[in-house]
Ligand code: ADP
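The form predicted on its own is given below as one chain in structure tokens.
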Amino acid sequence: MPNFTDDIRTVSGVSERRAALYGKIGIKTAGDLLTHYPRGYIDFSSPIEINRAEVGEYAVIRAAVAKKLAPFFGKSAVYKLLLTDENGAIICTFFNSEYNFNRLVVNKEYIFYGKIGGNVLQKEIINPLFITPDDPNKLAPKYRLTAGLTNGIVSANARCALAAVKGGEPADLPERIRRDYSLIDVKSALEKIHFPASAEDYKTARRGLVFKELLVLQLGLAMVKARNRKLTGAAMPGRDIRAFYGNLPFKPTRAQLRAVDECVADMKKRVPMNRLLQGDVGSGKTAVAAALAYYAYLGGFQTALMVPTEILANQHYKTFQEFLTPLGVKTVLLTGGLSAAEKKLSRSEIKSGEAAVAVGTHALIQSGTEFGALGLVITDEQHRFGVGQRSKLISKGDNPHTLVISATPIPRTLGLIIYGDLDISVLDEMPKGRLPVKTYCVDTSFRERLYKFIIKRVGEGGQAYIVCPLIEESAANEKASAVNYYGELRETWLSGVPTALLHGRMKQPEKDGVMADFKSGKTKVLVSTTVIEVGVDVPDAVIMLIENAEQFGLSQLHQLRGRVGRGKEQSYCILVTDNCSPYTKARTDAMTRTTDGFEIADEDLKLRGPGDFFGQRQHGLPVLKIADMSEDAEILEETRKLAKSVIDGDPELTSPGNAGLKALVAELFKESSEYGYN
């Protein structure tokens, strides 16, 4: 009798060969198999007549086996049967499946599901799934598969595992929680999710499993947040920062003032701030970061700002100098591109405390970099760093305050998961005077007009990005490629315009050089893949032309659009696609309708689900197996409140009544070492 944690080969019907196939999709134990949830169901409850089944479509039909034909043995073994109902006939064909051929009995009725082939004169159903009319399970599960595994095989193995598993499964939710929230036990939920007798069965099972998954995840994140409440060595008493606002070349927005106030309130406390600053492109996140660096400086502490690339480091360094130097705050730069002498000087000034602000790349976390009194750690575009890298920087101070900055708007529901261990401040207001980027969607027949428009705007002092989905063209893919596109434009339309190429296979110094030339205005048109750096500020860039726009995610399109519209001139984003599918139209309609990144993010979540929406794996978070943030917002909120209540009363889940919950958290986070549960 296998346990939940036993090898998949202990399940009846799983051979060595089949175990290897399961391994390809991450299934190694009996428990993995039972938590490999169906991604959908075939509904056998409403079959149609054979004459209504359309060629080329999948259909569910009810028919009797009229006759078995002689098998044909060639490269494949082909087994055929004649199926009939009152109004028609259809050939049923199985390839290499004598087992299914033998299971079907002549003169007996079955319900079949499969793709209809053949033609209107002689239809054929190929490799169908089938059940008997008296089968109580009219919803047959469909699973994520790999070559060699079928829905029938996985379903049969799951049934064996359910019948055989006697113990070792992770603890269930405590009975008090199941009772208060009307949840069925986990064993019943697993049975009903794989073999629901009705839609109601499925809903009940799914609610129980989603609730459990989200509660355990949020308990783990709440424990992280509770553990972070250690005393900080950088508690900062109240300081007046009106001088900072007075030195700004613009008036801060209400959203910026609110975000600064929220962060300052945290930085006054005896526990470290752990906050996310989230805002759309151009909402003024850098100014908020600089205000907090000034507040830390007044309290006698240093600030470290770590960014993913040298271009961004140089850009932030100049901005911080502009904001802080007049106030007597020294900012230094530390990147790998500096000379040995420059690095030595920067490190010396950081260690002595002469430099109050250090802006840099990964050089900040190297062993040779020491801080005199690090009180505030800021990471920009945090998803580009591993959690361990942020921890290394934090370790250079005495539990300093931390601020994570992201220019990637994400829906609030998903934010609660991805940033569950952080408090969140949102910049939901744009500075006055910034013109929204005008967005249009056109087909390829407009290309000549688009090139003329680019040439006209470049002649007026503007710059343009042209983004392609591929680096090089291949015979198998006709989508626009950056290399071919660049070569063609240089010889034709843009032969007289300074144009450069940027793509991911270039070495970093080469990329930096290309971006530096574009940023300085030496290059007027940049043909690129999506490697254009988030946050790079080129005020004269007024056109973003995106080829094969259907190839990009909605949030990705919005991020690309954010590369323009940073100056005083009207900017344009033009999406080029010949794709007319409803999915593409829904995305391009959203892009032309709004420039609000949060609205875009919500639309993106609705259209494609959470998936790897914001690189959850980079955050070390466990992958959710059944919960869907776009569908389960209500359960997410329920479990968030419950997790907070449980952790407030028992931060480490040490009470006997919470032992099961602690085991569940440890199991879910066992591969997430940065969260400290393994």
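This is a predicted model, so every value here is computed, not measured. C-alpha atoms forming the largest set that superposes within 1.5 Å between two forms make up the rigid core. All residue numbers refer to positions in the sequence shown, first residue = 1.
This protein has a second form, the form predicted in complex with the named molecule, left out of what is shown; the following refers to that one.
Three-residue candidate spot P252, K285 and R434; every residue lies within 4.5 angstroms of the named molecule in the predicted complex by at least one non-hydrogen atom. For D266, no non-hydrogen atom is located within 4.5 Å of the named molecule in the predicted complex, even though that partner is not displayed. Although the partner is absent here, K138 lies well away from the named molecule in the predicted complex, with no heavy atom inside 4.5 Å. Although the partner is absent from this view, E213 stays clear of the named molecule in the predicted complex, with no non-hydrogen atom inside 4.5 angstroms. By the criterion of a heavy atom within 4.5 Å, E603 is excluded from the residues contacting the named molecule in the predicted complex. Listed residues A363, L494, V281, V165 were compared with the named molecule in the predicted complex; V281 is the one with a heavy atom within 4.5 Å. Contact with the named molecule in the predicted complex, defined as a heavy atom within 4.5 Å, holds for exactly one of Q256, T335, S571, S528, namely Q256. Stretch 244-252 is the answer when you ask which of 544-552, 230-238, 244-252, 174-182 has residues with heavy atoms within 4.5 Å of the named molecule in the predicted complex.
Once both forms are overlaid on the rigid core, the distance between the two CA positions of A158 between the shown form and the other one is under 2 angstroms. Once you line up the core between the shown form and the other one, the Cα of A290 ends up 2 Å or more from where it was. Taking 2 Å as the criterion, F250 counts as shifted between the shown form and the other one: its C-alpha moves by at least this amount when the rigid core is aligned.
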